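For reference, the chain that follows is the form predicted on its own, supplied as structure tokens.
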Amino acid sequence: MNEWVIRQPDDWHVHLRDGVMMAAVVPFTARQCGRAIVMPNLVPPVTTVAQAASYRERILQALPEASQFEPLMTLYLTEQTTVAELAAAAQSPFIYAVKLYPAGATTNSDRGVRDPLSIDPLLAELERSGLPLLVHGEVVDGAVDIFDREAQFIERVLKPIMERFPRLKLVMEHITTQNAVDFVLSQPDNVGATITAHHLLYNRNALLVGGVHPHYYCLPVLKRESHRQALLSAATSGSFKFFMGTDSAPHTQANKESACGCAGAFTAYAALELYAEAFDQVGQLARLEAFTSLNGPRFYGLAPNEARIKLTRAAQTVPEFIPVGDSERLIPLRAGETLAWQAQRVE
């Protein structure tokens, strides 16, 4: 299969940032995707409907002319979030989910929830309204090995939450382990998961062998090969519970290549090509459209995009860097390397 056409995908987990960084990165997502769930972990975070409305307007203003891309907004859940704010979010025409960051788990998560088992009134409201809860699934516990934090979160947090609120619509984001695949498959249809292209393509050797490679550092961190294989099997299985979420997370070169480099991989420049590479590795290109373009809309109760994207087996070179403002750079994953696929919208 060297050329075929699929429905335009959606990105169900992306970081667009703000200001000059947003201006640099939003065209890449808008070029490939019809819609995207936009993460709310700005500084300060997007915690209210009014703040989400303002952020949405800034995104729309940053889009290329004539773009039809639709940002799907989210709220950042805090211990100060009120039931009334969640009820208002559920009624909003542009808010599609609420994001739970365990405090301290990842970038700009310091305002997150310290104990996810202590917010039952908020979870009850989400279950009542049907507004999805998106979860960064890692415990924040210095006694737990960083490679085990997702598995521990499932046991300590997710299983108790789903026992208390079995109808809660929940997405376990950017899953990285066999444990997460098994958990999602064990739950009813109101539980799904996103999987990134970089977790499908790479294991922890990419981060650590031959030196520390900061542009492969993300959270949750890359895991061992057996977990990568489990993710590939899930993504290509045909199960509607798994769908595309790039977790494309831009940081400037200076902030990545530092003594304490930021977590995040920028993949939005060629998200669909990277997913195609992963599916091609296991001979499952025929199932790519369901994963990228059908399963996510099904979970969120939306119609698939009508636009089409053509994928062609043809080499393209990843840029060495992407300019950010007048003086900074963003280094994409696999900078300077060759990708096997090209994607373009069918007019």
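The numbering used is simple: start at 1 and walk along the sequence shown. Keep in mind it's a predicted model, so treat the numbers as computed, not measured.
Just so you know, the form predicted in complex with ligand NCD exists too; it's not on screen, but the next bit is about it.
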query: 4.5 Å heavy atom contact, Ala151 to ligand NCD in the predicted complex; finding: no
query: Touches ligand NCD in the predicted complex: Gly112 (any heavy atom, 4.5 Å); finding: no
query: Distance check, Ala249 to ligand NCD in the predicted complex, heavy atom within 4.5 Å; finding: yes
query: 4.5 Å heavy atom contact, Pro102 to ligand NCD in the predicted complex; finding: no
query: Answer range among 228-236, 89-97, 159-167, 241-249 for contact with ligand NCD, defined in the predicted complex as heavy atoms within 4.5 Å; finding: 241-249
query: Of Val191, Met73, Leu219, Ile119, the one that lies within 4.5 Å of ligand NCD in the predicted complex (heavy atoms); finding: Leu219
query: Candidate from Thr106, Asn203, Thr78, Thr177 lying within 4.5 Å of ligand NCD in the predicted complex - any heavy atom; finding: Thr106
query: Those residues of 5-24 which, in the predicted complex, come within 4.5 Å of ligand NCD by heavy atom; finding: His13, His15, Arg17
